[in-house]
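First, one chain by itself in structure tokens, the form predicted alone.
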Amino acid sequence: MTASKDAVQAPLLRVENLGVLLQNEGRVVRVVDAVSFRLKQGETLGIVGESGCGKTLLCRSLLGLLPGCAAVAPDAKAFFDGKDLFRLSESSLNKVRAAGIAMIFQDPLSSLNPVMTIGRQICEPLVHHLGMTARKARSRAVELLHSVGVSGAEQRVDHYPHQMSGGMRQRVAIAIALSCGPKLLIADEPTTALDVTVQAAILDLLMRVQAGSKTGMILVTHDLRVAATRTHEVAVMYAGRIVERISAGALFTHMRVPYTRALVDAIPKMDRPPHAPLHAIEGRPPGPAGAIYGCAFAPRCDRAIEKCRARTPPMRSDRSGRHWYACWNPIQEPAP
């Protein structure tokens, strides 16, 4: 009985000390560093941060989809369903990519094959991984297109990606990702370049899929409002590290890290007077080749103290044990 209870409570995904190393002009630089988090079945983790902070590399590393110049650090661990993804053979990892973890990329036009019909692209994993016949796979492809809101699925199944709008292509990409019934769905900015109404429809679709199947999800986004309303927990990344993990409901009210506050302050507010200047974060994030001493955000932070420039702050939790942050001089604590 106890073993069964422990199995139920075990996280779907447990990442420990994940680092990604990149070859850059003859040097090896760590572009993702010391990332750790847990994700339970049926929950959504939002990952937010500026462009270039390592969000996409973090997600791709879990599936072994890094570019040739990048590699996972030797001491990194990522346990999915009890298996360390970084210690699996290529054939075992292919099985995980099929029915374990699926990824929705931010640009469906580049992730879909332009010379294959969308039906064939949905059928391939069904035939290869689930052993379906071509006829049964085509029927299932039509069902999947219906399920993700593609109208006229019986005809669309024979269309090519260029014959569909951006929103429809993203729905096709979601159908492909769902084809083998994954336990974990990674959505890497799935609403990029889509208009607001289509963005909302795509996010609603992902939430419905998750609610119906208890699928775990990692949602990468630039939009803090999306993270606050569509996820259970938010991980804020800066310069390759997670600097704060906070429940989505507390994101706007109980953040402890100045960088998180700066991101919140940069959101345009409807109640501001016309032509009021937008808040911006001064300075630039560090480049991947530059050496970082202390806290990476210190040069841009109005709360930085000498300790911030000398030592990298470790992740620590508040009294609840559910809110984690890395800051020597956090918000809502008196300055020394």
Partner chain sequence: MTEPAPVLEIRSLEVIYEAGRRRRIQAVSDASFEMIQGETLGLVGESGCGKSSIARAVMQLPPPTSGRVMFFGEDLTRVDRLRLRQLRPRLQMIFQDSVAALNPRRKVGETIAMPLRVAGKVPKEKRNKRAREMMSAVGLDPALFGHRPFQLSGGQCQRVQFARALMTEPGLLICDEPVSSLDVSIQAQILNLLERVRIRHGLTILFISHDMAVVKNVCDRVAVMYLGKLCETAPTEALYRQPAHPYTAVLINAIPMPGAPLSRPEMRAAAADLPSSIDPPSGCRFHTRCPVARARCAEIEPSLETVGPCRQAACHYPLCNG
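Positions refer to the first chain, counted from 1. In this text the structure is predicted, and so the values were computed from the model without any measurement.
One more form of this protein, predicted in complex with the partner chain, exists but is not displayed; see below.
Although the partner is absent from the chain shown here, none of 40, 126 and 134 has a heavy atom within 4.5 Å of the partner chain in the model of the complex.
In the model of the complex, the partner chain sits beyond 4.5 Å of every heavy atom of residue 256. Interface residue remark: residue 130 is not counted as part of the site for the partner chain in the model of the complex, having no heavy atom within 4.5 Å. Residue contact check for residue 69: none of its heavy atoms lie within 4.5 Å of the partner chain in the model of the complex.
Contact between residue 147 and the partner chain in the model of the complex is not found at the 4.5 Å heavy atom cutoff. Residue-level contacts in the model of the complex: of 210, 199, 111, 121, one residue has a heavy atom within 4.5 Å of the partner chain, and it is 199. Contact annotation: the partner chain lies within 4.5 Å of heavy atoms from the stretch 161-169 in the model of the complex, the single such stretch among 88-96, 212-220, 161-169, 179-187.
Of the residues in 53-70, none comes within 4.5 Å of the partner chain in the model of the complex through any heavy atom.
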